[in-house]
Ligand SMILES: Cc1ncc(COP(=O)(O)O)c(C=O)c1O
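There is one chain below, alone, in structure tokens, taken in the form predicted alone.
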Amino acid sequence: MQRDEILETLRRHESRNITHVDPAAGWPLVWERARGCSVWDSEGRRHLDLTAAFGVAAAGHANPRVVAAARRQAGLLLHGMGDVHPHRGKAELVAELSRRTFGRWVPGGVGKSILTGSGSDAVEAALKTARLATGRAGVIAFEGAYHGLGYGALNATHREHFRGRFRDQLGGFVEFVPFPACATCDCVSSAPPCGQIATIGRAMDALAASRPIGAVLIEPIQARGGIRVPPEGFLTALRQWCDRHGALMILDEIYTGFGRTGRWFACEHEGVVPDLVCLGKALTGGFPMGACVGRAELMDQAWPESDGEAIHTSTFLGHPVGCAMALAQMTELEARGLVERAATEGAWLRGKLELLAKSGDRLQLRAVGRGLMAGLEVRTRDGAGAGHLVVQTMQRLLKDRILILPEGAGAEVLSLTPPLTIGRREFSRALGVIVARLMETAS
């Protein structure tokens, strides 16, 4: 099928809320194949992907070693039996996740995993774990948070666009407090703890006094919320708050995990050890899989021994192909030094973005992010969010064969989350084009 026929078929047979079509803007592309940092559309045109497909393709699209692992596994065992009859790959993966998380974070530490079919499901497994372990239903999350759209996770996803139509079916067990926004804060502190940390801590104290709080759920960097990085010391302060109140600290590292920010996991920038960590996206490099990993003693406290009927499971739990791909993906990230590369290239990118931010005379531009989770926040000269300009720029860039996405509640952040394999020369050229198109759009 050609592009127009594909889009017409989707229009006729897919729920209309899924694929946005704007013929005047040439939106969307129909992807045909992808490799490395490149995507080819149905008309054979190559595009530079600066999204890594929502951060999934950390080791590059169709990484040869990951693809080879998938092919080998598909020829041996294409499907397992979830929580009933295990396979070798599932055992190897949960052991590797333990090693990559609590085995690195705590001397002699061991993690135990619940493998899931998505990041949203990993969040829901973490919420269930917290409820079982603490006996408390209340959860604190943060304004701007995005934790998925399943009904459990949706309780903790803040944006009204996702929640509003379903509010009367939500459980109401999550309370929101502000996420620190250094860009708009008048705090004069140059070192932690800053004024925002204390203010948010008091709001959390008030919530804990009004209802039993079993967990605090947070993204170390809010991706969908606008590439928002909290001030230094914030995660440490949350860890201390959880310890004081007997609540569990759940980190949603679904987007930030596996090297995106220049560390294996973003919590490592502050040396904070969570009780539970939620993983997904770059875990496999392209197969739908997530994981909730918790301290072994906590997981044993929360979940009883299996009696043959698991409390939280799914048909595709620990899918053999997904496990094989995840193991290959982590091996590739380490063997090629891609986590370290995200740190060095991220520092270079930050410098470029800060220079570009100074060049915008018609707009207020601000560099945001950490590692290769970065972007430009775009505002008008009077400080209003300029999401319409970001969206128009994104659409114009299709003609330049560059793929980006907006982030933030108002789409005011032009985000850059490329594969960690991207070459600096090609990236630099693309940045020049992006800023040129943004300025053209603003003129």
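Residues carry their position along the shown sequence, with the first being 1. All values reported here derive from a predicted model rather than from experimental measurement.
What follows is about the form predicted together with this ligand, which we do not show.
Contact with this ligand in the predicted bound form, judged by any heavy atom within 4.5 Å, is made by just one of A223, L97, L248, L372: A223. For the options F142, F234, F265, Y146, the residue carrying a heavy atom within 4.5 angstroms of this ligand in the predicted bound form is Y146. This ligand in the predicted bound form is not approached by F102, whose heavy atoms all lie more than 4.5 angstroms from it. When this ligand is considered in the predicted bound form, I254 lines it closely, a heavy atom lying within 4.5 Å. Heavy atoms of S120 reach within 4.5 Å of this ligand in the predicted bound form, making it an interface residue. Among residues of the shown chain, D275 is not one whose heavy atoms approach this ligand to within 4.5 Å in the predicted bound form. Heavy atoms within 4.5 Å of this ligand in the predicted bound form belong, among the stretches 111-119, 130-138, 159-167, 68-76, to residues of 111-119.
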